[in-house]
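First, one chain by itself in structure tokens, the form predicted alone.
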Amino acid sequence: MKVLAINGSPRKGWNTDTLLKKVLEGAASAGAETEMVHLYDLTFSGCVSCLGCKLQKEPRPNRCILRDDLTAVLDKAHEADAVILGSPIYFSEITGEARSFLERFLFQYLNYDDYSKPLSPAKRIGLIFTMNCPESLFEQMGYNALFQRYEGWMRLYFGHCETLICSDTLQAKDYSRYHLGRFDAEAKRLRHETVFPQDCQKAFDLGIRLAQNA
């Protein structure tokens, strides 16, 4: 049993990274072999639309043929029984690195002969989204549609997806050092001390489920 976590955040040791580590802890407790990949440590691009994965060869490639630092990661993701992608939400979207990973990860499996039959192997998928935005603004900011779209893609391609949303997150240990005066630093710290541990437990439990049901 192999469980792979993909960290689409540039900030190691912070919210997204912490939650992904908790997922892997949960998966390991269920007997899985686990690994974390930090996308910001790699040099790679998104899909370049070369259509190399669609070449009419025998056997058909069905795999990204672009060679860069992401190549080995895509191989690991292909072989994994469960994959968890974590990303903070910046400007109402996942990070550029996370998006570039998904372009390469998903397009290689896209079946233009029959959209309803992706060429990807069945696997368990987890999504973790972290954001400064509170849930009360999700609808206004279009977040609900964003989360549903990504989860829908995962279910279409791999047959399963669970999403963990962590909102109203702590951005800095010391808010006084930055121009972040709009935020209530004490309220942010209190939420981080009381609610974030609950999100960590949810992440741990997610890891167990992904490992046990893959």
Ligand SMILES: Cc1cc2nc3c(=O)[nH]c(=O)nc-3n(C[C@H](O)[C@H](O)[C@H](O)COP(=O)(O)O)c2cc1C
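As the structure is a computational prediction, the values presented were derived from the model and not from experiment. The numbering used is simple: start at 1 and walk along the sequence shown.
This protein has a second form, the form predicted together with the named molecule, left out of what is shown; the following refers to that one.
In the predicted bound form, the named molecule stays beyond 4.5 Å of every heavy atom belonging to residue 73. Taking non-hydrogen atoms only, residue 62 never approaches the named molecule to within 4.5 angstroms in the predicted bound form. In the predicted bound form, no heavy atom of residue 110 sits within 4.5 Å of the named molecule.
In the predicted bound form, no heavy atom of residue 144 sits within 4.5 Å of the named molecule. Contact with the named molecule in the predicted bound form, judged as any non-hydrogen atom within 4.5 angstroms, is confined among 113-121, 132-140, 98-106, 75-83 to 132-140.
In the predicted bound form, 88, 89, 90, 91, 92 are the residues of 65-99 with at least one heavy atom within 4.5 Å of the named molecule, listed from first to last.
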